[in-house]
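One chain comes next, on its own, written as structure tokens: the form predicted alone.
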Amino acid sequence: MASRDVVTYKTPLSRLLNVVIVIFLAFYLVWTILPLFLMFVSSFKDLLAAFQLPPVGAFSQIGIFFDFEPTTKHYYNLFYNLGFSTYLMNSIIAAGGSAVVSVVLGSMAAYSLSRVDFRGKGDLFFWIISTRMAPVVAVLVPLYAIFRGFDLIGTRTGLILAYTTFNLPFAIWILKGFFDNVPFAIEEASMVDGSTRFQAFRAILPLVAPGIGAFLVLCVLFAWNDFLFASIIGSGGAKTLPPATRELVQPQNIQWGSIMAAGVVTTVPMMFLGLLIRRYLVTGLTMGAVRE
């Protein structure tokens, strides 16, 4: 009996393309991971060891990067001398608070836009997302004037409201697509059984939980990495990690060891958060992409 195995033949062009793709991916991997690796290792090095480099072309001496005595004095300096524990708490509260407020209010607004038909619905939806299109710099001065009038400058509450200003329109736009993907028959069955509209809304929340979780992470990332709002609105009592790290660069002294340690403290929590929920993040971001 003749074999039915399918044999695929690769042309020289396809083989060359595969080699180019592998080389590109390897280069991209090194390009993205190497800075993080150097930052992590340098945060445990003494200043003299951190700037010690092998001679040009001496690849056999590459082990000099790993030949050092680990020290935690840079982290000690961050949290005990520079007050980074307060800045870390400010980042957690501002990022988490704005994400929760944006998701709670955005999910209810997105549900209303998804389920209720009214005159001017399309115009309202476009106006909501158009507010997110405005550059941050364009609205920073008006927001600063408003927040100063309410004595919110330098407070965590003001920083949460500032992040919510930009996160909420994005939340409504994204979450509406998730609710559009949920059949209305589920809510109808719930309301036939005597549920109110709000109870029906709560009943379908588990169906869009991956999407809500994915956007929650995006809100946290936006607030956690923000520098402009944290520098202007949060200046003073609500300073977060990015502007606090920037202050380590001074004209007369650049604290390289502390900067590397601050980079690790800022980066590692978000990396672990992404790894913990990566499965739900991919699921959530693909919800609503295809309608049945």
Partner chain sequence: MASVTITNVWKYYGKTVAVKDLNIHCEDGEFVSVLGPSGCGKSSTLRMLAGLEHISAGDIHFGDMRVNELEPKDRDIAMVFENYALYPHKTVYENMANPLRLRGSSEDLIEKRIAFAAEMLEIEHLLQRKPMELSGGQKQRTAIGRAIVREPKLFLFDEPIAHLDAKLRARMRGELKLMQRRLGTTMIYVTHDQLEAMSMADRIAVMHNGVLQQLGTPQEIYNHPVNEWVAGFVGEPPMNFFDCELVEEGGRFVLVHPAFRQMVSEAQSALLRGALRGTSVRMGIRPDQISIGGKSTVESVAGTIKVTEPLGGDTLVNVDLKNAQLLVKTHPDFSGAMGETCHLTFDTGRWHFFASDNGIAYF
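The structure displayed is predicted, hence computed values, not measured ones. Numbering follows the first chain given and starts at 1.
There is also a form predicted in complex with the partner chain; it is not shown, and the following applies to it.
Engineer: Please identify, from 122-130, 141-149, 198-206, 80-88, the stretch that has a heavy atom within 4.5 Å of the partner chain in the predicted complex.
Structural biologist: Of the options given, it is 198-206.
Engineer: Heavy atom within 4.5 Å of the partner chain in the predicted complex: which of V192, V116, V137, V104 fits that? Just give me the one.
Structural biologist: By the 4.5 Å heavy-atom cutoff, the listed residue in contact is V192.
Engineer: Can you tell me which bits of 161-185 touch the partner chain in the predicted complex, meaning any heavy atom within 4.5 Å?
Structural biologist: Counting only heavy atoms within 4.5 Å of the partner chain in the predicted complex, the single contacting residue of 161-185 is A185.
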